[in-house]
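In the block that follows, a single chain appears as structure tokens, in the form predicted alone.
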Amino acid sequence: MTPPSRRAFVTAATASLLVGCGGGSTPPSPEPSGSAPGESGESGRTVRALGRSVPVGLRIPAIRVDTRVMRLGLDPDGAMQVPPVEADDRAGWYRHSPTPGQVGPSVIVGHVTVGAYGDGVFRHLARLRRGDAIVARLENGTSARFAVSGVRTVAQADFPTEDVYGDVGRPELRLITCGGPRSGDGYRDSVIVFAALSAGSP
């Protein structure tokens, strides 16, 4: 990724990501990335990176998520945009990140609560466990399939910017929402799911 996209990508991580979100626990941290550029090691198998194609949908069977995905950029103040708080809640892909299946961390965010409308699309994100499947439907009609490598709940004040947004040598996915107890108008923590591209994609 090249500047200014790279600068915008990392800057957004230091801002408050979501408003009106909630809860999670602290499952295991992900395994470190160690594959060669353009490849992902999964049980000794080589997984080739995919070409660029914007995500239009996201399915997570273990927590019964099947959502459309919108594109997000940056607000004028440099913070990452978030999906609107509305009854038709959707996840959002951060367009300064790679598309799912490209080398690098593709970032998708979502709400856990949407005010008076109730639960958000990522309400149960913290329930995911290592090995759970995540499928990103792509604009070109194919799908990028990922397996969860770890889930973390961290204080927003200690958000692991480099772990989430830093360069990696294989196709990975990050799903982000809020968690923990209320803190003012928001929540204290962030829930982050780490996943790697699976064999058989697309």
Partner chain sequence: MRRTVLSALAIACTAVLASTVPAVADTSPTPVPATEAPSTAPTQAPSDAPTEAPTEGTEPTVAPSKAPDASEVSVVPSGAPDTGVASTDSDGGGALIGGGAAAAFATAGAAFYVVRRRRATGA
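Numbering follows the first chain given and starts at 1. All of these numbers come straight from a predicted model, not from anything done at the bench.
Beyond what is shown, the protein has a form predicted in complex with the partner chain; the following relates to that form.
In summary, the region of this chain contacting the partner chain in the predicted bound form, judged by heavy atoms within 4.5 Å and restricted to 57-65, 130-138, 158-166, 143-151, corresponds to 158-166. Contact check for residue 173: every heavy atom lies farther than 4.5 Å from the partner chain in the predicted bound form. Taking the partner from the other structure, the partner chain in the predicted bound form has no heavy atom within 4.5 Å of any heavy atom of residue 124.
Not displayed here, the partner chain is kept clear of residue 180 by more than 4.5 Å at the level of heavy atoms in the predicted bound form. Contact check for residue 109: a non-hydrogen atom falls within 4.5 Å of the partner chain in the predicted bound form. Taking the partner chain as it sits in the predicted bound form, the stretch 61-98 comes within 4.5 angstroms of it through a non-hydrogen atom at 74, 77, 78, 79, 80, 82, 85, 94, 96, 97, 98.
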